[in-house]
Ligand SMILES: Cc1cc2nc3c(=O)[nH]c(=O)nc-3n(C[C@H](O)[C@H](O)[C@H](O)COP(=O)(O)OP(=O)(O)OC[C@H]3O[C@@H](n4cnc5c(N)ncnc54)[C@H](O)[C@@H]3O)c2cc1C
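Quick setup: one chain, the form predicted alone, written in structure tokens, and binding and motion questions come after.
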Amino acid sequence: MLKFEEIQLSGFGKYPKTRSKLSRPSGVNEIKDFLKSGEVTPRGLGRSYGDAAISDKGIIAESLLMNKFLSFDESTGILSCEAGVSYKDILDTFTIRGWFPYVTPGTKYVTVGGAIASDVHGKNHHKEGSFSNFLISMRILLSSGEIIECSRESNADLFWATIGGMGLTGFILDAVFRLRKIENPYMTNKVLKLKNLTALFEKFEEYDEDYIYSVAWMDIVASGSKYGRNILMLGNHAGNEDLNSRLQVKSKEKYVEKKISVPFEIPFSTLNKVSISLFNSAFYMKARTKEDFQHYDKYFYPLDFILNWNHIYSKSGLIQYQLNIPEDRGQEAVDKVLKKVVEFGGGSFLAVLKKMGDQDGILSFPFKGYTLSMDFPVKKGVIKMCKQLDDIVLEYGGRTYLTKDSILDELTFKKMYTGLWEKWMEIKHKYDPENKFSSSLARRIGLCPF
């Protein structure tokens, strides 16, 4: 008998929402039973923002009970684990032993299966690429019930279609990937307070060889003489010799996270042009050009400090819009996007710009260029404005990130991923001809039929 709970479900952005049948299978046999009855939508911790891991058809199969470490080679840093293992699990277990993920997104509440399905990237993409660059192999349960191991050498088409494939090729059971050797949990942190876009793009280039990690916070509400102001943050993993005696002692102690929480959804939106402008002004004014050390938790996961921070967007939720633009026209395109957002007046206080490098993959989001990510409260005019941003992205030969998306239409998606989605669909049909693995996102953008 199939066991599930029927609830209203959404991604982390809380938009859109749908009635879904949610289950947490403990193993392969339960997932096979789900497949016999109809469609299955794989889901990890639900941190994709839109509708990639929700559906009003079939069953949502969360991987959270499939969360065991299988093996670890201390000499090579090669880890094997089930797909439900989270970044937090990995960090809590291995950082104290001197190992760290090569690539991490901006939250540690992401599963390994989700990292593969989204081919997550971080602040170091321009130097080291996305999660798939360090993925060795994985095992996938197909809609037929067969379990296939795939890698760059074996069943390579399935390997590359699953990476960035949003969980639509099969259920990822476990994976083997490499971790990075580190000396301590601290990061060198260089902060530059900059007045405009030109200065930012110049500094990106100036420090490209010196730092593995780089990201810029941007004020996308400010206009006039304040337009384009930003804070660039650069970092490397610290060596033991870099730390003073106090930090050397602290680096050997067990790290204790400090959290605050937004315990309930705010019934109305407190986010408007005035409140966001005040926040951005205070954030920029407080910032100082400096160099110091930060614990990796503060450096990589500042928003994880606030549990359920998405509640501040009220019940209406938020749209996370992330674009990637080719490098040679990056500044021009970003300038055009920012002016459109400023004109609309619906700016975000969580806008970040990063540099991207080359990336293998079929539906993987990254390519060499610049990526800008913004949060917008769901309110009147926002979706129309985002559609206008889509037009700018297409004009400059860019694309948006499916993991963050909640509004992309089929025609625009296929223009952004032209030459790629066709290849992906051939592989999808080969391994899942009946479209047993689906989602609301897949139907919305034409990767699965209605």
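Numbers follow the displayed sequence, beginning with 1. Here the structure is a predicted model, which is why all the values come from computation and not from measurement.
Beyond what is shown, the protein has a form predicted together with the ligand; the following relates to that form.
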property	result
4.5 Å heavy atom contact, residue 172 to the ligand in the predicted complex	yes
Contact test in the predicted complex: residue 45 vs the ligand, heavy atoms, 4.5 Å	yes
Contact test in the predicted complex: residue 218 vs the ligand, heavy atoms, 4.5 Å	no
Contact flag, residue 199 vs the ligand in the predicted complex, heavy atom cut 4.5 Å	no
Residue stretch of 330-338, 175-183, 105-113, 225-233 approaching the ligand in the predicted complex, non-hydrogen atom distance within 4.5 Å	105-113
83, 117 and 121 each touching the ligand in the predicted complex (heavy atom, 4.5 Å)	yes
Candidate from 212, 303, 148, 96 lying within 4.5 Å of the ligand in the predicted complex - any heavy atom	303
Within 4.5 Å of the ligand in the predicted complex: residues from 53-72 (heavy atom criterion)	53, 63
